[in-house]
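Let's start with one chain on its own, the form predicted alone, as structure tokens.
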């Protein structure tokens, strides 16, 4: 079985964004970057499948990113069990929108004839949750999204997908795109020896020209980044009687805050 894991390097969720006033760009120079947390579930699931299937399984980690993404591929993908990595390095795709990303990843994946394509349910920087479904459409294959349990059979898969208020069980044929949710597994941490060995695994760097693809044009443009409005001053509800305080709080929430 050939498995591809599509991953993304994103700003750490604890990274502080400095934006004093609205502007067309963010200063990303000081961002700490990590593997997208949801992609870690995809990597772990691929490695667990390989551990079950043995030598008959190969895992390729695929990403779009500059040279700084190499460390993420090495430490968080190759060092935990992926066999090889492919990176598309195009400066024009630095802040690509979902459709641009999906078109480039699809071009990479078509070269490998993969049986299973895993990725996170969404990236925590744009939270679009669109790349996985777009990939399935572009590759004309089955898909299951927000998956918390995955079982594979002979040319088929069964996935438990998280939906509002419950779960749905989806069955389909391979090849398929599966987007992974928290709860699917518990990602492992790389050991120092494996991090050192990861540098010896094959890593391929491509451009869109290598893929026979023109750089996809963006269809949207971010015009302004704005800081959130300052928090309003806290208002205390003063009352000796708890019931009276509750009634006054409910009135303020209904008549002034208008949230109920």
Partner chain sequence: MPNIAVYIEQSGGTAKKVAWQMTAEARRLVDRTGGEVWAVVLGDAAGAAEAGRHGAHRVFTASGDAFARYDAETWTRALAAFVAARRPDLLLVGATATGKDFAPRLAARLDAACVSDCVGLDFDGGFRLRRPIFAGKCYAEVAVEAPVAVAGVRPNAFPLFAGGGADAPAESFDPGLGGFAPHAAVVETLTSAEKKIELTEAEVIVSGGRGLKEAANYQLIETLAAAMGAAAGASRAIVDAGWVPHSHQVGQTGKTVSPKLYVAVGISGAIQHLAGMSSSKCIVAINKDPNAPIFKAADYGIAADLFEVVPALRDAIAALD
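The term rigid core refers to the maximal set of C-alpha atoms that superpose within 1.5 Å between the two forms. Keep in mind the model is a prediction, meaning the values are calculated, not measured. Residue numbers count along the first chain shown, from 1.
What comes next is about the form predicted in complex with its partner chain, which does not appear here.
For residue 189, no non-hydrogen atom is located within 4.5 Å of its partner chain in the predicted complex, even though that partner is not displayed. In the predicted complex, residue 222 approaches its partner chain with a heavy atom inside 4.5 Å. Shown alone here, residue 164 lies within 4.5 Å of its partner chain in the predicted complex, counting heavy atoms only.
Looking at residue 134, you'd find a heavy atom of it within 4.5 angstroms of its partner chain in the predicted complex. Checking 124, 152, 93, 107 against its partner chain in the predicted complex, a heavy atom within 4.5 Å turns up for just one residue: 124.
In short, of 108-116, 134-142, 69-77, 84-92 it is 134-142 that has heavy atoms within 4.5 Å of its partner chain in the predicted complex.
Contact annotation for 30-62: residues with any non-hydrogen atom within 4.5 angstroms of its partner chain in the predicted complex are 31, 37, 38, listed in sequence order. Taking the rigid core as fixed, one finds a CA shift for residue 233 of 2 Å or more between the shown form and the other one.
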